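Below you will find one chain, with nothing else, as structure tokens; this is the form predicted on its own, and questions on how it binds or moves follow later.
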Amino acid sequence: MSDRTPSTEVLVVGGGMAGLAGALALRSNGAEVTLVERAPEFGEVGAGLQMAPNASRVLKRWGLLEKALEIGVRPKHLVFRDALTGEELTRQTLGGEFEERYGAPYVVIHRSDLHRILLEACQQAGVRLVNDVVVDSVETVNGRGIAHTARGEVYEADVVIGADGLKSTLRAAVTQDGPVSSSYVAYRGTVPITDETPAADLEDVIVYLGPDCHLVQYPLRKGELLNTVAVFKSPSFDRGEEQYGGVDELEAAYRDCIPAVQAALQNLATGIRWPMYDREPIENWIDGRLVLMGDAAHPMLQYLAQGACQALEDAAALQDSTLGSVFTDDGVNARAWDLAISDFNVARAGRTARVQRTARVWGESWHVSGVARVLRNLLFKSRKDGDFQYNDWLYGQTSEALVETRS
């Protein structure tokens, strides 16, 4: 065991979206924050990311929304179509009344671009960033979080934020569960938009719904790139194979779809596929001075496009729960941490559980066939543009509403 015991007020474990957002939020409250990341360098893999207003409001709070808009795209519409016929089922205009109602725009952005924005904000704010650190466990001793690393180092902090993702090691402190397979996998790809790229839909987020599959397309980086995501039910993933040696499953999944959908498969990078997991919702995220956030606390399927959005909501709620209690005009009240993280847990657990469960149901409705598909299409077509009844619970949540959920 190393004698080295780096000490900090807050230790964040994990340098993804949730970890960076949590570090930035607490640093903004005046905390001394150290963030440790297992990878040798900071970075984010993947392609496009949809930032709904509940997340872009958080970026706006931190003064980062303009940076996101400089590199991202504000799509004009969110459009759902039937993948077998091309028929439009419903659409939502994302400007005007939508943006006014929710207080921020809908933004699509490359994952690496948003990650870079958060990383640079942490650097500028004075968060201490450390790579090549693998935290194996956290215990609470004399009211302090003690994090033990694979190399035998020990970090001490008033509180430890576990933001180590879907396959979180630290989650084992509060539950002995594991990731739940959805049977679905995703292929993603971004390609340059050229003169040969079909001009239709380049200003919108388009979702094609098919039996046991769907496909999403939207522009990125000020319209320079076209992002494509294909998600389908995979027999090999059902057998336990996370990766697969060919593209025959991909091609078979979309064989009955319209030519525009089949042509879009050429935009995908097929060297790696993304198996889709979530976990069962849990009410308790706390063990002593360890508290989980982001995918470590509430990993969800992507059908509501809320994974990163809920991580940003977590960070904002953590910022709210500590300001005025832990971080006061008189300095840091270390004894107030227990109440602050408890308030945070209570404020967020019910909200994120609803998003997790709704994402599962939403995904099931996308992938139906036969009579269920006919009924789904009728339901979607009955919804008119500007009908917000299905959006308000998700996009309209405010910090005031979060506080109310605690009582």
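Small disclaimer: the values here were computed from a predicted structure and weren't measured. Residue numbers here begin at 1 and follow the sequence given.
From this point on, the text means the form predicted in complex with another copy of the chain, which you will not see here.
- Of the candidates 45, 339, 39, 378, 378 is the one whose heavy atoms come within 4.5 Å of another copy of the chain in the predicted bound form; the others do not.
- 368 is the sole member of 368, 64, 353, 346 with a non-hydrogen atom within 4.5 Å of another copy of the chain in the predicted bound form.
- Site residues 247, 251 and 274 are none of them in contact with another copy of the chain in the predicted bound form, judged by any heavy atom within 4.5 Å.
- Another copy of the chain is not shown here, but in the predicted bound form it comes within 4.5 Å of a heavy atom of residue 390.
- When contacts are judged by a 4.5 Å heavy atom cut-off, residue 70 does not count as touching another copy of the chain in the predicted bound form.
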